[in-house]
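Okay, so here's just one chain, in structure tokens, the form predicted on its own.
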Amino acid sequence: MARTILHVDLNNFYASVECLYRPELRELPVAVTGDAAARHGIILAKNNLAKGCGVKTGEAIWQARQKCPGLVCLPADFRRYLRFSRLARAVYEDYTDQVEAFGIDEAWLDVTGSARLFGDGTAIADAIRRRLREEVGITASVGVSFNKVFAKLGSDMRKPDATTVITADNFRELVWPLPAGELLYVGRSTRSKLANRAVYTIGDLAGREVKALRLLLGVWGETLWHFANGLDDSPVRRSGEEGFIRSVGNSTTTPRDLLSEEDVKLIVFVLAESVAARLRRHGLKCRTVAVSVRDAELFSFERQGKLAAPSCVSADIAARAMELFREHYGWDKPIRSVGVRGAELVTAGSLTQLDMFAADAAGREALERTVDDLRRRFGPYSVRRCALLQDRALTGFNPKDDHVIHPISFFR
């Protein structure tokens, strides 16, 4: 039995929500931006008027203003966007219990079993668009197809507030002429490799031999061949079914370039405290620590190494991250951003071999749990390491609450 999969993409989501709160801006070019003072000054989202002026997501605010002098820039408010995302999800769940989020503003719905109640995929897509417009106040584009990849492609084909249907009969006509870069997970690097082999369209990709694509892109080449030929059969997860957490991490672009190891150490401790607190909250420990670095010329790398024993203590995570940093960074250039991640996760109750000569890990963990309680009650800045007070401008951020929400992986 052919499935009916919907992909709902909320149009210009951040900018649309902001215009609900400030309707006087609806006829003006509007962009939602990161915090320029903290060097996060890029365009996160824009409305159609800004898009018409050539403003692009990810470009610097000053570049956008050169293209669009009248551009209204608003700071991002993720709590507000999460609220509207939940309202949209409540609408989806009136039609199916198989709703899988793909970031804050996109979701897949499997409505195969709902046809007798609500009509076919097109009828359900149109009903969802109407309800989002009338009940939530925002518009959406919906793709309807027999798999997740083509449903997402459909939602990208017509915007705003439109339904696009891609079937097993018409996908060769609709999908194959599109550029290969339109396919899910074909990024700049993959697109360049494909172009070097004269693969320009999705149809070109579908027509190549799997063996040749494997030689060019490895296992990924075979996956893309299946995507291009409409053979994706990945399921839509049920509501409330959460994927296993594989890693917990935080990163930040710093308010100024980092010029010394002491600067890096301050940032690493702030990030490690956030990572450790999140591990404890989920009842997890990490066996591996990874540190990522991006320098002032935007060259970046990540290195990882194992801990002596699984840990959710910030000092252990920070110490391993600094070891990795010292081993792999030569200080050719100042540093612009740093990330810390805990991976190879195990449950906190797992049996582990204790080290008789190591410091009291249980005592340090108990101390950090007490700090968690104090911060939960009195705020994230109520208890801080003395070292972090040396440079409050550099360390005065809360990675747990200040992070940007990105789409989650299709391959969870």
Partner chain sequence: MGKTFVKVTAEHDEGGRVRPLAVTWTDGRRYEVDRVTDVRQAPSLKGGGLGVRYTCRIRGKEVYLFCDEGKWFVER
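Numbering follows the first chain given and starts at 1. This structure is a prediction, so every number in the text was calculated from the model and none was measured.
A second form of this protein, the form predicted in complex with its partner chain, is not displayed here; the remarks below concern that form.
> Would residue 116 count as touching its partner chain in the model of the complex under a 4.5 Å heavy atom rule?
Contact check for residue 116: no, nothing within 4.5 Å of its partner chain in the model of the complex.
> Can you tell me if residue 73 lies within 4.5 angstroms of its partner chain in the model of the complex, counting non-hydrogen atoms only?
No, residue 73 is distant from the partner.
> Give a yes or no for residue 136: in the model of the complex, does one of its heavy atoms lie within 4.5 Å of a heavy atom belonging to its partner chain?
Answer yes; at least one heavy atom of residue 136 falls within 4.5 Å of its partner chain in the model of the complex.
> Answer for residue 20 alone: is it within 4.5 Å of its partner chain in the model of the complex, judged on heavy atom distances?
Residue-level check for residue 20: yes, a contact with its partner chain.
> Using a 4.5 Å heavy atom cut-off, which stretch among 75 to 83, 93 to 101, 212 to 220, 169 to 177 contacts its partner chain in the model of the complex?
That would be 75 to 83.
> Its partner chain isn't shown here, but in the model of the complex which of 87, 259, 157, 195 has a heavy atom within 4.5 Å of it?
When its partner chain is considered in the model of the complex, the option within 4.5 Å is 87.
> Sort through 369, 65, 56, 26 and report the residue having a heavy atom within 4.5 Å of its partner chain in the model of the complex.
By the 4.5 Å criterion, the partner-contacting residue is 26.
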